[in-house]
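Here you get one chain, nothing else, as structure tokens; it is the form predicted on its own.
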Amino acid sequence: MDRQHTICEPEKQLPVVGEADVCVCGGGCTGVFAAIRAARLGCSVILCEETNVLGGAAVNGLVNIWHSLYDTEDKQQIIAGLTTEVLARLEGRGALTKSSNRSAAYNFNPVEMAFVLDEMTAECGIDVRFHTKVCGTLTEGGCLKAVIVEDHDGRGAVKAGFFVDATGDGDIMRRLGMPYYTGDRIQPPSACFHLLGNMAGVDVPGIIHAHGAEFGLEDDWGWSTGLAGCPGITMRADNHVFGVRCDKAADLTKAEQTGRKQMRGFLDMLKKYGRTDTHYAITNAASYIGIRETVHYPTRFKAERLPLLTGTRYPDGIMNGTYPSDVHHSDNMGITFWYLDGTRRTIYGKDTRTETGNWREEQGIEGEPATYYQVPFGILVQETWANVIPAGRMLNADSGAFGALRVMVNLNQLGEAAGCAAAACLDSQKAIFDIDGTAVRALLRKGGSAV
């Protein structure tokens, strides 16, 4: 029978289970960095994370590379702050390797990353709440007064003077009824895993082309990398899960199950057609699929590919970057890269076909290419709620700009800026849309950032 069924949830009084100056929801690096910045500026902070560990994609997702912190000429450090602090701690415990590959300059051990983030939040006195999911909001007079959360003790309210939504999908923003949009072609997710076994000389594209169908694997673009301090183990991200919207419950379940099926198919393929002198085994699977994109929330500034990649500068710039715009295709097993120097490269499948071009020449752009790009404070400023910032991959951008900005070293900086802005709003008793972005930039610089 095609009809909607509803039941009435009885009204009840909710206990206040926490109160702080700042509440950050979402414990990926974006949220952690927001929390640390706010705490270092004197705010009491509650950090709510729905899983059991901090780090988000870097830890739960096993995506263990951060990109170069320098401009494209490797002359000027353009990213610093908490990103460099974390890297230094990882290096100090032998959990980091460095590379000249700009797109994979730093390779780390995700477990050690989790340890580092636990230590840094504890040092700042941040009240971390694991297994705590946002499930509602309470508002009053244009302000968010509390978020309703649920944990193993039940449902309760966390009150704060300021809130940072770093949940990725915008859980607070959605519950506040804020409008959102999706891209024309949402970038598909990938399920990462750790593979034990010697991959030297293994022709993965050749095996996929010849035998992939036997194991349910498509000729799909993917990548892999090593695992710092763990010889013999590689991180694999060989396939996408297509046709899902990971902000939808049923699709997210399907994506997780399909991702694990792909992992198992890849392992079975290697056992049959890989090296005969090694044992292959999956030693770890991402506890949360690597979501690249779901929804976006409008803010004062929308990032666009051409101004971004031509290096437009802003007096209130809060983030620098060089990572190319990479767009994972949703429909044809490919990926397209737009680099700052003008190179455009599209790869279909496992190097099955490659197309190249130059977007600067096609646009008639002359002069020297930019050596890095920037975004202004306005990318964090929604103009409805006085004390809320959305920070993370729900950012306001077209598909080309989003393909560059969504990576961790860039979102790290947006998290830091969100924490600084929260502290500035509380200190000045101003709404987020009345804060001077240059003041936020000054706080970032004072705290060690390179903007």
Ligand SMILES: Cc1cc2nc3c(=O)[nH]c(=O)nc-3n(C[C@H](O)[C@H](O)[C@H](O)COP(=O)(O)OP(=O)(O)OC[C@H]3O[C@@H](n4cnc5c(N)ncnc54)[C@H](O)[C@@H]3O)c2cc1C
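Residue indices: 1-based, along the sequence shown. What you see is a predicted model; the values in this text were computed from it and never measured.
Another form exists, predicted together with this ligand; not displayed. Remarks below refer to it.
Not displayed here, this ligand is approached by H67 to within 4.5 Å at the level of heavy atoms in the model of the complex. Within 4.5 Å of some heavy atom of this ligand in the model of the complex lies at least one heavy atom of G290. In the model of the complex, at least one heavy atom of V134 sits within 4.5 Å of this ligand. Using a 4.5 angstroms limit between non-hydrogen atoms, S190 touches this ligand in the model of the complex.
Of the residues given (A397, M408, I46, A423), M408 alone sits with a heavy atom within 4.5 Å of this ligand in the model of the complex.
This chain is drawn without this ligand; in the model of the complex, the residue among G81, P376, G321, G168 with a heavy atom within 4.5 Å of it is G168. For the three residues F301, T312 and A431, a heavy atom within 4.5 Å of this ligand turns up in the model of the complex in no case. For the partner-free chain shown, C48, E49, E50, T51, G55, G56, A57, V63, I65, W66, H67 of 42 to 68 come within 4.5 angstroms of this ligand in the model of the complex, judged by any non-hydrogen atom.
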